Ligand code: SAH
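In the block that follows, a single chain appears as structure tokens, in the form predicted alone.
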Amino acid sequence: MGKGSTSRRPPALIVEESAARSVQRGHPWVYREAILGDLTQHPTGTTAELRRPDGTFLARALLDPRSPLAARVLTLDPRDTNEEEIVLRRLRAAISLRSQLLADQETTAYRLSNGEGDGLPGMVIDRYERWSVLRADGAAALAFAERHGPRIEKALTEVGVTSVTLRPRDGTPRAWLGEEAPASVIALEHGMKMHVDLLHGQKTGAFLDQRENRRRVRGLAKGRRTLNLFSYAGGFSVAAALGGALEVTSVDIASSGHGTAQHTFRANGLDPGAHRFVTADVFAFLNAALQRKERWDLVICDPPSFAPNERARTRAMVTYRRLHEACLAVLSPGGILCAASCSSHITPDDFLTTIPNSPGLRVAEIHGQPADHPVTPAWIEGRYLKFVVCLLTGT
């Protein structure tokens, strides 16, 4: 079946008008308070028909009755009734886009599906060589992925992916499709080798959204003493070292990330012993460094999300300001500060206000996530990543 075909009629739900207008403009989410009636009678992952208050068709969407984000839009086209065909078509289109973006074979770690950005609600798929990891964002997305395993497997095997590990947002990773993946793999990022923990690493194993920003750091690092804060698995650290940094100091409160980073240093022919790995709270480290009058020429600050929800936004803004002030206090004259935020609740303009108006400090560049993390124009929440490059000119 395809456009114009018929199937068992999905349940119909009324969406209040302001939310309906948002969906019509292309926003992919509907929150619980905007849906009229009782959702609990519908199983999680059900595909429902959303209608305007006057009864006209609005969209088909996946339901998650127990979540504040109660519906994720699948299609706005009333003729598009074959869900299996939708999934296969959109996943193939997403894969084709990546083959055009990353055709040089220098990068084998990248995002194949960016969920709503590729029209596949909540379904994130990252590729590492011939292995992939699927991360379902919520129970409805997980049910959606489970329902369409055969379509996912078909599209991925067509491009040489032989394994899919399933990592629910809340749950234990497990082998899902194809062969069982190893616990860790080596993948390429613009020629830089990365040691990736597929089972226990953050997100799907690596923060692929910072790929182009790591390449930018590689271009900035030559001859500079570099400090990487919240270093995790050391992606920015290795990029700086490959770019010719004099020395890289990696700071993270969890020592486990340093082990992964050292594997990645060695994989790239770099001696981790020539660099420093510090297990410490970042604020405590910066305060101690200030007391020692220690300075760095390049400081990279990429913390975890300080604002996982809107309620945390005000406190997060205060924390970002404290953090950036502490970073500037250890930055050498003529140095570079790279400040990042991964919270969608902090807008780019908001984030810029957390960088102190220090004499001689200039914002030189503002970046976001790379092209393999596409979003629709109306999906503001999808444009979450900020990466700001600041120069301390001393004038």
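Start at 1 with the first residue shown and count on from there. Predicted model only: the values in this text are computed from it and were never measured.
Another form, the form predicted together with the ligand, is not on view; read the next lines as being about it.
Contact with the ligand in the model of the complex, judged by any heavy atom within 4.5 Å, is made by just one of Leu290, Ala274, Ala254, Leu101: Ala254. Proximity to the ligand in the model of the complex, defined as a heavy atom within 4.5 Å, holds among Glu325, Glu294, Asp281, Glu158 only for Asp281. Within this chain, Arg214 lines the site of the ligand in the model of the complex, having a heavy atom no more than 4.5 Å away. Remark: Trp176 does not count among the residues lining the ligand in the model of the complex, judged by a heavy atom distance of 4.5 Å or less.
Among heavy atoms of Gly223, none comes within 4.5 Å of the ligand in the model of the complex. By the criterion of a heavy atom within 4.5 Å, Pro304 is counted among the residues contacting the ligand in the model of the complex. When contacts are defined as a non-hydrogen atom within 4.5 Å, none of Thr108, Tyr110 and Trp131 contacts the ligand in the model of the complex.
With the ligand omitted here, the record of contacts in the model of the complex names 230 to 238 of 73 to 81, 86 to 94, 161 to 169, 230 to 238, defined by a heavy atom within 4.5 Å. Residues of 188 to 205 placing a heavy atom within 4.5 Å of the ligand in the model of the complex: Gln202 alone.
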